[in-house]
Ligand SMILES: Nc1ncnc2c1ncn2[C@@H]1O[C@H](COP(=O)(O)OP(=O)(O)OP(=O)(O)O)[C@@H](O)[C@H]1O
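The form predicted alone is given below as one chain in structure tokens.
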Amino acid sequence: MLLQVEGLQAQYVDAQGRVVRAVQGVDFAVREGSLFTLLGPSGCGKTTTMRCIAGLERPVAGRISIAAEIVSCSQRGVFVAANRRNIGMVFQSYAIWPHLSVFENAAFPLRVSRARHAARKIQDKVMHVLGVVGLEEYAQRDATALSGGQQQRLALARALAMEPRLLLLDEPLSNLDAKLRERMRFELQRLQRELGLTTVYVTHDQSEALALSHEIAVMRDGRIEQVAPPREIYERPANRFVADFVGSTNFVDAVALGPSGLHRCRLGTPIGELEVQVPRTLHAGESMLLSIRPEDIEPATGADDGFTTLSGVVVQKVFLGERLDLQLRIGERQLLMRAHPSFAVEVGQSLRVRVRSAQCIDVPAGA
């Protein structure tokens, strides 16, 4: 593992003089060459965790190791300064120097580093990293003349110029418009994979995390709720918070009625009886919580193999271009479902739908 964070704790004093425990016993490890994402809502501690890794915050407890070197350990009194950790960092604001050219922005960390770099070496390194991010033809342009996406790439080039062993990205796409943000996701993914950069990425955007990451740590209130690959986070959330935060879902209370086959169980729910696959043995009368993703509810138009068929009424519809979101009243509940935008349906219309039984998630107990 290139990065190991163990028992990390960090705190600060707010404007009212109260001690806020921003990070509370965080543990995770990042494999060399992978992209690891800290995902969570504002104020969950993800940026503080990253700043502790960078050496911009001093933890009150815990240990951080980079490439087997301990850079922070409160118990042993070790704290390596940020400029000696060989880390590249891209901030949310990009922190581009407005009075410098594109070339000089990328060259800045080389010019101010402790190691003496010959002018020719700086020239070669900077033009190489500008080429990597596709900005070599803009080398002599004023940095302020670049577009938002180009400034983001320049900030990345500046971070890469020092050949860091670890790259930290703090909400790097949040200032871009939706279309450019989507394009830059592919660009970041391509660069990270091609260069083999070990990267820690901070975001509150679940789509970003799912698209870019090898592993995701979902955070809440200074703690990690789950660490897993993106598909596992989405399909097998550790608790209700993770299921609700990563993607959209419908939560339905259920009571076991009895088994109906190997790893299958009949459930009584407010939307009717469901037959679902469950990874554990359920006894009649046992309560559970189901998570049903909107994409796993679809119009019933054929064979019902592997599905449970229900009847409902459309109470609201929203056209979103690539999809149609529908609110259905089924029994005592309203459920969100997603359909192809060409699907013709009107508010107030009765609709038979099928639920993918295999995709109904038994959410573990807990908040």
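Numbering starts at 1 and runs along the sequence shown. All values reported here derive from a predicted model rather than from experimental measurement.
If you look for the form predicted together with the named molecule, you will not find it shown, but the lines that follow are about it.
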Checklist entry - Taking heavy atoms and a 4.5 Å cut-off, does residue 235 contact the named molecule in the model of the complex? => result no
Checklist entry - According to a 4.5 angstroms non-hydrogen atom cut-off, is residue 299 in contact with the named molecule in the model of the complex? => result no
Checklist entry - residue 48 near the named molecule in the model of the complex, any heavy atom under 4.5 Å? => result yes
Checklist entry - Hey, in the model of the complex, is residue 328 touching the named molecule, heavy atoms inside 4.5 Å? => result no
Checklist outcome for this item: Per contact check vs the named molecule in the model of the complex (non-hydrogen atom within 4.5 angstroms), the hit among 319-327, 336-344, 37-45, 61-69 is 37-45
Checklist entry - Only one of 141, 204, 128, 117 has a non-hydrogen atom within 4.5 angstroms of the named molecule in the model of the complex; which is it? => result 204
Checklist entry - Taking the named molecule in the model of the complex as the reference, which of 182, 295, 244, 171 has a non-hydrogen atom within 4.5 Å? => result 171
